[in-house]
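Shown next are two forms of a single protein chain, provided one at a time as structure tokens under the names structure 1 and structure 2.
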Structure 1
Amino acid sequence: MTSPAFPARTSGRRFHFFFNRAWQALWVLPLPAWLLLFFAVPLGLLVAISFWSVVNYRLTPDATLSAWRYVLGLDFLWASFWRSYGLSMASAVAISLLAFPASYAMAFVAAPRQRLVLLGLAIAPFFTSYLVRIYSWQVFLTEGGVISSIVQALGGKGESLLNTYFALFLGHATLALPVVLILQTIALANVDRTGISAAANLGARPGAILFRVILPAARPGLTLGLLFAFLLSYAEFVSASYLGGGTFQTLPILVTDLVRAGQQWPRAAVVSLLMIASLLVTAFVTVLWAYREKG
């Protein structure tokens, strides 16, 4: 209710109210607006396109399930799907195991200041040209390359390691290791130190402290590391093409082939949505497990 006795003050207050609201909106709105326009709308369009059809090589708005029926009925799609999923999961587990001693060293062996510097050096490669690093690995893995030369010098056969799972894993690790390292190290560094001391005072052996105090306490962060390694490996297509040599037909390769070679937008959209759905389910289950209460 406006009070007639203080009209000026009320309008001043109202001005303040609108000024504050406008000021707040100025900060709150820009990023969501940008993301809605250039992120949510394109993804929404992709969902719509999965129901469109291709008539005379032209994408035509429609409401048909034909792309869904076609793609979901393909045996090789499901083979690709399980291959992609299995290989990425295997890579994620292997990367997590590989990173663990390093993260442990950064969290418990290094001094806090050293830890920050080491973490910085570990993350820096994540922001540098992934393509060139993959190209470099070819030099290591190819026949007559760095690894085979060393193996031959030691008296081994020294065959090419390209087109093997090891090469693919190396590609995945090149991409995901920095992220896994940072998540694991933060998780380990944040484990309550008094709990560790208490266990030690009560006579727990070092192995028991690691498995029964440190690992359970760091579980959420360690699991998130595993999840991110999976997300990154699952979506990655360069190492499958250039290190795996096309031996591993994964979903991202299928998506690009469908669009670039065949203009099959609706089918590519269906494969993409299938990938996103499987990512969401995996992320949901993993996060649920990571934060599950004990017992």
Structure 2
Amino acid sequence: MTSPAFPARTSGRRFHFFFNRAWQALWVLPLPAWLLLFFAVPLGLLVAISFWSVVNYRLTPDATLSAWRYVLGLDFLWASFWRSYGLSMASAVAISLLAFPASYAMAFVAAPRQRLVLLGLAIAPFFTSYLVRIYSWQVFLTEGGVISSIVQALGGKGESLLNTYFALFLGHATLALPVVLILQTIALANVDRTGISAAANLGARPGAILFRVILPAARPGLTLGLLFAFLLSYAEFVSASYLGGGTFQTLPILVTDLVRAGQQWPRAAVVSLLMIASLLVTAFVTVLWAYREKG
């Protein structure tokens, strides 16, 4: 004889099951929607435009490879690519090394409350305009500026430091250093202290603890900091224009020049896709290395 209450309990379980699944989907939904709206759709549009043509300075839907053939045949494209890639990677490494002592101090020396205050100070530059910060560097770097005057006072020539690789690096550091500082501090602060204590109790020296315990444990976070520094520097346009003076042809400068020269959006789209592809490959390899298992 069938109990009348059993179907009701089964129906209730099914309702709770579907309700929980719908509730979980509701929380997950914003991420794919965001990726679709802000990444997939613009990327698809960029790919489509790369096959369009420009007729009488007007963008015309087409299916031609002329923009790809033109851009990939430019000698200075590859010079700009390797210059941008090398500059960004060198800046990322230098910024990471520059930020590490401060990150280490915040993670291991500062008390938790002091660490919060210091991290707040690291975020403070984002409350000001990046363009204004770049402009302010010109006061220091230009001929007759702060650094030039100090060098002249010491008997040097005091030449302008604008339009140099050093100026470009300062621009990259102005943008990426706070981000790297925060990511490194979080990674180091989350290192398990028991491993450090065990190594110290076994007589390991501070250098050995740093290189054999702390750095391997914090490797994913430190690598992500390096990656973010590279990503920000690679797509950076403002410092290349206002501190580099356009002297160094980087890929963002090339994209701007192509757009300004006869509204060549298809050619600019090809350069942009080249940048995106190299960024994705670099990010994939870096993340793979950061999370690889110990051999």
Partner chain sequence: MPPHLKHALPKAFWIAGLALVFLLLYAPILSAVLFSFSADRFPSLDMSGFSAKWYAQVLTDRAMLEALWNSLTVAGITALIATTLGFAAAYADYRFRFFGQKAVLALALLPPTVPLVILGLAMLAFFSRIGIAGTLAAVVAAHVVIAAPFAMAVCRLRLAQLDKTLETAAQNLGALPHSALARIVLPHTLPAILAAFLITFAVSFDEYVISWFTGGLNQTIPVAVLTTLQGQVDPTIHVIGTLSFSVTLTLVLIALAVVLSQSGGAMSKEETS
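Between two forms, the rigid core is the largest collection of C-alphas that superpose within 1.5 Å. One-based numbering along structure 1's sequence throughout. Here the structure is a predicted model, which means the values were calculated and not measured.
Both panels show the same chain in isolation, but it is structure 2 that comes from the form predicted on its own. After superposition on the rigid core, displacement of the C-alpha of A25 between structures 1 and 2 amounts to 2 Å or more. After superposing the rigid core, the C-alpha of A48 moves by less than 2 Å between structures 1 and 2. After superposition on the rigid core, the Cα of L36 moves by 2 Å or more between structures 1 and 2.
Comparing between structures 1 and 2 on a rigid core frame, one finds that H16 has its C-alpha moved by 10.0 Å.
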